[in-house]
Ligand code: PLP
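Quick setup: one chain, the form predicted alone, written in structure tokens, and binding and motion questions come after.
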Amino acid sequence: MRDDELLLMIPGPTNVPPEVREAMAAPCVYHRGPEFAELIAECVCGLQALFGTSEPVVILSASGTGGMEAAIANLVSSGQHMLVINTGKFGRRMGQIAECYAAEVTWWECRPGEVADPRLLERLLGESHFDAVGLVHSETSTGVQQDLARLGEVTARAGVLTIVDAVSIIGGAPIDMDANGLGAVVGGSQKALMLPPGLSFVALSAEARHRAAESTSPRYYFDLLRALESLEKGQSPYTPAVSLFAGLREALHIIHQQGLPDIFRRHCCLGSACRAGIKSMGLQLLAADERHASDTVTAVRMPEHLDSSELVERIKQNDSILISGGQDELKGKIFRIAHLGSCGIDELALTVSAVAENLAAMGLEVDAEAAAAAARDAYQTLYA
């Protein structure tokens, strides 16, 4: 990093490694030529490992929200019934997109910091008819992580298509789309994949592709079947963000070299280390059950008499580190530290220390050195 750069400890965009930057700075290749066909094939192969699927993965030149809209536009038709598990801002966004396509949305409202109980999901699917279930694997706004394997197995047994927003966790935790019977999984570039924003990824099961062929919802740019047809020719249907594809190939190469088991372990250990540092300050996590705390972002309750927006600004100005505050109804009430992508324990310990130092300046009795040490000790114990 250059001296004038902020250390990004937010849930996205994340820090981009030098090798990825260099790859994106290379001359563009023609998106209808053989070089791009080779490029997109390598990217799809690397993404399949992250999604845990043998199915092709569509790469869209769009944000994660674009990928989510594509999934819903192709899989949910007007008048169909969709159960949306709302664990925060992005769960809510998924349901709002479905409503834009005239779906009949039933909201399962979880309180901030809570996740869905698979047993309750099984009961709900047994009592009412749903064509699809939508959920966010790692809810960026609240720092909670769903039990994707169990929820997917429940919906698969019930014969209901599952649509998963995995934007903030793909590449940071295991996803086994095929084994867990997931219908569609959506990812994004600017999180654990260490790229700038601009690409989204959508994997569809065979059943989801059949559903897409029957869907009556309008779509043009986001027609996933058209994208899959183009993919067979080594192309995208419309002009892609070629430089981002080049960066994606390099990021996937880095991930392959490090090995997925080690990367997933590192993210899990960083999450535990962050929580250890936070709890050493006497602060409370937003996650109601730490077993469901996200591996990629930690949400922390701010002391009632303090405003997290002030904390975020102080850390930015004093330490050149960017963390996140709360969103919507949680604005000012929580702060969030992300620990994903190229992040390591040094960056995390530095951030935990900065949080403690600035909280102390705001009048809270905390020990920055002890907080950083707690984070490092937890990480070394788990990652050793």
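Note that residue numbering follows the sequence shown and begins at 1. Just so you know, these numbers come straight off a predicted model, no measurement behind them.
In what follows, reference is made to the form predicted in complex with ligand PLP, a form of this protein that is not presented.
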Legend entry - All of Thr142, Ser272 and Ala293 with a heavy atom within 4.5 Å of ligand PLP in the predicted bound form: no
Inset, instruction - Within 4.5 Å of ligand PLP in the predicted bound form, counting heavy atoms only, one of 183-191, 147-155, 101-109, 75-83 shows up; tell me which. - result: 183-191
Legend entry - Proximity to ligand PLP in the predicted bound form, single hit among Arg301, Arg93, Arg219, His253 (heavy atom within 4.5 Å): Arg93
Inset, instruction - Would you kindly say which of Gln48, Ser320, Thr65, Ser342 lies with a heavy atom within 4.5 Å of ligand PLP in the predicted bound form? - result: Thr65
Legend entry - Contact test in the predicted bound form: Val167 vs ligand PLP, heavy atoms, 4.5 Å: yes
Legend entry - ligand PLP contact in the predicted bound form: Thr162, any heavy atom under 4.5 Å: no
Inset, instruction - Output the sequence-ordered list of residues from 132-157 with at least one heavy atom within 4.5 Å of ligand PLP in the predicted bound form. - result: Val136, Ser138, Thr140
